[in-house]
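As structure tokens, one chain now follows by itself in the form predicted on its own.
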């Protein structure tokens, strides 16, 4: 058996960052910038009001108070998207809405809550003094034109995409999103809702893996179930190598197994068949596959067939590699030193045990974990409720109250 770190290093060494493409900023969410973005415009592009109220010359209302309001004539009104060429004079006010351009001559805004309309709105009573600059947003207050807004390597979140649109970066350079083909093999698998016949089981691995691939920031492509036919599987895999950036399969990677996946991949791809010192997910295969001699090679991830093993194997080995292909600066899930609220018992066997747990924040501010229950590699029901994986080293386990390194699959 080999250490998990050795297996992961081997996989990562073969999974290069994909080429750069240009996409509209709205389509870039979840992708990684391949070039810095320089702001081409000030944001906001002009000085504007931060509130609904009245634009004034601050010195004109210096003596205003609730007990002695000052009454000013209202000489205009400007709404967001509007404009006034009226130059405000001391002792005057202009009604203004949030986001509207500041009138020339004005240097402050009195919030509408501190005013009262007089004479049908022709005048306004101001009951609070303001200072120059109050409730005013200056041009470039958020971003100055010419500044590097985002460096290469920035992940485009919805907020980042909004800011890109705000500086007119309508098209950006990003690392191409990997297209990852996912397939299941086996005559025993059923996914069409039909009644099970003797020896048949419902397909679940492919469903899990499609979701995990998409969650990793890739485009998951469902190739369905391929029956136990070597010629058909070879055709599907070679076609996938020509069309996609990676392939994920499950099953047929254990030592001593004779399976069409092992037979076909052993013939058409450069594979490494591994036995990793972990539980579950000890068997794992990884290789490079080309559609034809001299063609581009893509990574193939051969995951174990048991559903829990397949999920854990993906999290530990396939997901970091796919994230690396996206150019993401963080390829691993976050890990914390968590408190085991109940003991996580195990027996010494020379392996690291990755136990599925439920994690939550305690009143002490630390992450606390408890086992989700059944830990068998075939018992997906319990694992489906886990939001973390506890890394329990070889030995007798972690006692109640002990600390255990924990991979967080989700937070909250």
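Positions refer to the first chain, counted from 1. The structure displayed is predicted, hence computed values, not measured ones.
Another form exists, predicted together with a small molecule; not displayed. Remarks below refer to it.
Shown here without its partner, the chain carries 49, 101 and 134, none of which come within 4.5 Å of the small molecule in the model of the complex through any heavy atom. Only one segment in the set 201-209, 313-321, 74-82, 174-182 has residues whose heavy atoms sit within 4.5 Å of the small molecule in the model of the complex; it is 201-209. Screening 306, 115, 326, 154 for any heavy atom within 4.5 Å of the small molecule in the model of the complex leaves a single hit, 306. Proximity to the small molecule in the model of the complex, defined as a heavy atom within 4.5 Å, singles out one entry of 238, 276, 189, 269, which is 189.
The closest non-hydrogen atom of residue 251 lies within 4.5 Å of the small molecule in the model of the complex.
In the model of the complex, at least one heavy atom of residue 259 sits within 4.5 Å of the small molecule.
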